[in-house]
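Just the one chain here, the form predicted alone, laid out as structure tokens.
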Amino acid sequence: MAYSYRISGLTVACDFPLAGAVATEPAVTPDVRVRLADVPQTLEGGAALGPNWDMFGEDFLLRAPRLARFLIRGGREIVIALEDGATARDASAYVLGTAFGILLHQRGALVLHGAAVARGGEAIAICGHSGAGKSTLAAALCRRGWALVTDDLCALSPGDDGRPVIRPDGRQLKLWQEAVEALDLGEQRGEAVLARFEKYFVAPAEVATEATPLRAIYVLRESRPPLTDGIEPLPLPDAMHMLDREAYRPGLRLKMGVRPELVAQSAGMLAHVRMFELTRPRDLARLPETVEALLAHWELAAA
């Protein structure tokens, strides 16, 4: 039995259910297939090697110790070999995270590590390092009437008018229990993302269903001395550097792409999208202040 999903605008057929992804009607010819099968330990003649990955031609082999090996092929297929004692449910997080991020890089998308929400036919992306609070801020905005476009992976591609668009990702938010409680989302909380961790899938009240033009990117940072709360625009050279840094697995992106092409891709996007640094306290009790500041800034920026 194949399970069907739409992830980052791509139709996906999978041998097993993907935890946290929203099932859809099957496609006659899916864009991506995810299946369980044998996968080699290494790639013969690997052109590039890392501590837990090999790359050769259109093939990328990712090794997750004690979990699985993932062979990502040409942006079309993810083949998974589970290690002893591991389950397909355990592998889901890698499929929807690193493995799919690599697949999107293979397809030439500009992939940001962030969440995105939309209102009024336009989207903003919220970026930052792991644990910066991207999903929590996105969830708070959804509580204020925004629609969730994507969480964790923002795959950008040119729309018909040249402006970059984000395609709906078809997955739920992932929130720590303290964020679930602070946002009063207990009724929308689902199963745990991984066993032994108090991080849960949370269904947003509203989700985007169409590709949405990206208007702005907000990069989160914590307000610790000498930094103070506020939102500041990034000049183009700084925005280019920041965009590089906020790409999903930026080191792998550089290994997989040609530097001039990546620079041109980023410059083309920033011709249409403004980028800001959002400095705020890492304190859930003060999250409403951050939401109000962002909403006020957005109203001015969108005017």
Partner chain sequence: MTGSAAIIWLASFPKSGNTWFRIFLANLAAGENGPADINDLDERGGIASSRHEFEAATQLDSGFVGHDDIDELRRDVYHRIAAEVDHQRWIKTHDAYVMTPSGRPMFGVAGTRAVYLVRDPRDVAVSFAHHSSTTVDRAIELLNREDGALCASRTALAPQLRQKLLGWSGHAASWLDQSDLPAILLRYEDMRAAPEARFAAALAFAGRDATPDEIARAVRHADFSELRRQESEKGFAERMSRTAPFFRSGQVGGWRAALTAEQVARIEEAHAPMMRRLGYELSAPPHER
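Bear in mind the structure is a predicted one, so any value in this text is a computation, not a measurement. Positions refer to the first chain, counted from 1.
The same protein has a further form, the form predicted in complex with the partner chain, not shown here; the description that follows concerns it.
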Might Ala93 be said to contact the partner chain in the model of the complex, defining contact as any heavy atom within 4.5 Å? yes
Whether Asn52 contacts the partner chain in the model of the complex should be assessed with a 4.5 Å heavy atom distance threshold; does it? yes
Classify Gly131 as contacting or not contacting the partner chain in the model of the complex by the rule of any non-hydrogen atom within 4.5 angstroms, answering yes or no. yes
Could you tell me if Pro65 has a non-hydrogen atom within 4.5 Å of the partner chain in the model of the complex? yes
Answer key, the partner chain contact in the model of the complex at 4.5 Å (heavy atoms) among Glu198, Asp184, Glu210, Asp229: the residue is Glu198
In the model of the complex, does every one of Arg89, Arg107 and Gln172 come within 4.5 Å of the partner chain, counting any heavy atom? no
Counting only non-hydrogen atoms, which stretch in 265-273, 247-255, 26-34, 230-238 is within 4.5 Å of the partner chain in the model of the complex? 247-255
What residues, if any, in 271-301 have a non-hydrogen atom within 4.5 angstroms of the partner chain in the model of the complex? Arg282, Asp283, Arg286
